[in-house]
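One chain comes next, on its own, written out as structure tokens in the form predicted alone.
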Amino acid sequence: MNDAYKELLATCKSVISNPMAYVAEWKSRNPGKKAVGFLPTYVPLEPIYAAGGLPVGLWGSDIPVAVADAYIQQFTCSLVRSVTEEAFTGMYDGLDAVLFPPICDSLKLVGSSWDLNLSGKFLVEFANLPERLDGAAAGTYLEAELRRVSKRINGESIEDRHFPQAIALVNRLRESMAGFCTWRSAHPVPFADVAAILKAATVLHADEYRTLVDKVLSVASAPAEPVHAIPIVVTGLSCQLPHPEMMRCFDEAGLSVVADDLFLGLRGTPAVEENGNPYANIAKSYCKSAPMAIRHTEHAKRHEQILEQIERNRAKGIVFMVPKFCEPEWFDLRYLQEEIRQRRIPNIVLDFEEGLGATGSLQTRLSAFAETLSLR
């Protein structure tokens, strides 16, 4: 890998290992500006940037959970439990607000718990997003909701004239993520590295992230190293990530993850029109976004999206990597498996929690899957 890639990876790993240290450093450079945390899988970043703020993705960690058990059920997913542990132990005290998208029962519950117990530390607000993207009222409803949330987190209405630059900034952020994903499909990038680089896009300021990624893409024309691993697609990771050691099992099994839905909430939302009513434009973009387990449309089906990834990248199989206790993903799984089965595409289902877990059994299953694919 080139030096620009190594610099990008080192910066991303440093930031995601301690995102609140980056927040503190950013706020010291931007006195009076707000840092707004957000939970998966998508909240509109444009109003935050329009007010000069910093959006900060809260994606959990493998921190031992103890305090959080007094506030939420233990059968919630590991993302909800770990971010709640971090919040209630003071790790997010440097934030000015946290935005929750109520995409599942667990986030609705934990958002209310945070509002009840932590509102003295930072503002807790819900960004209510329509689940049905092609409904007649979806765009109108979301436009009004965006105005409400923007005024709530910023303390005042943001004038439309502040939005074009913010919208352009987020559009370029998506372009950088898409450009990196295209580059990585042709290069032997470890799956854990891909996750770290995409995760950092939700922590670093968009300008800083774009500068780093552009350095990598500027030398993307360099010949790629030969890839001998078996190409596969991974789906089910739009909300949270397994431990990096789990991700390394893919590489050790000889599997190359050439496409995925990591952070698809941000990546899968098309560019927003920069001119005109900013709230309406953001709403229109969201309503055209890629289908996921928590948002639906009759115009695009999730299995079609996965099949397109397989065909475009000439993948040999698919891994459904589903977080434990994630009801939306488990509900989607049966339908997705049936569509994949009908097309006789090899697939395997793995479940996981945020912590390290049993990598030995995971390694064995992935190695067996790789051997099956190699015989086809």
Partner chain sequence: MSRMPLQATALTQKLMKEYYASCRESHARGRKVAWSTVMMPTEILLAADIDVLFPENQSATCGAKGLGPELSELAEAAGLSQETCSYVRCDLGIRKGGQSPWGGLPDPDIVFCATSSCTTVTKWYQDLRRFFSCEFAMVDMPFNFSGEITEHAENYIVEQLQGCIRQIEALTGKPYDYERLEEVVGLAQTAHEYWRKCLELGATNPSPITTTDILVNMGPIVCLRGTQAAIDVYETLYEELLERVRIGYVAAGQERFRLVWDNIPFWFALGSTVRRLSAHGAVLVGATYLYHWVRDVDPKDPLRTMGRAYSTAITMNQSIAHKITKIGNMLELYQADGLIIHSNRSCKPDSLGSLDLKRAIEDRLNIPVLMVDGDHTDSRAVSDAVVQTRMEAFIESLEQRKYGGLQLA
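As the structure is a computational prediction, the values presented were derived from the model and not from experiment. Residue numbers count along the first chain shown, from 1.
A second form of this protein, the form predicted together with the partner chain, is not displayed here; the remarks below concern that form.
Residues with any non-hydrogen atom within 4.5 angstroms of the partner chain in the predicted complex fall in just one of 251-259, 153-161, 105-113, 197-205: 105-113. This chain lacks the partner; the member of 128, 289, 305, 171 within 4.5 angstroms of the partner chain in the predicted complex by a non-hydrogen atom is 128. A heavy atom within 4.5 Å of the partner chain in the predicted complex is found for exactly one of 315, 326, 58, 50: 326. By the 4.5 Å heavy atom rule, the three marked residues 76, 298 and 334 all count as contacting the partner chain in the predicted complex. In the predicted complex, none of the heavy atoms of residue 311 sits within 4.5 Å of a heavy atom of the partner chain. Contact annotation for residue 138: at least one heavy atom lies within 4.5 Å of the partner chain in the predicted complex.
Although the partner is absent here, residue 176 is not a contact residue: none of its heavy atoms lies within 4.5 angstroms of the partner chain in the predicted complex.
In the predicted complex, the partner chain sits within 4.5 Å of a heavy atom belonging to residue 71. Shown without its partner, the chain has 293 as the single residue in segment 259-294 with a non-hydrogen atom within 4.5 angstroms of the partner chain in the predicted complex.
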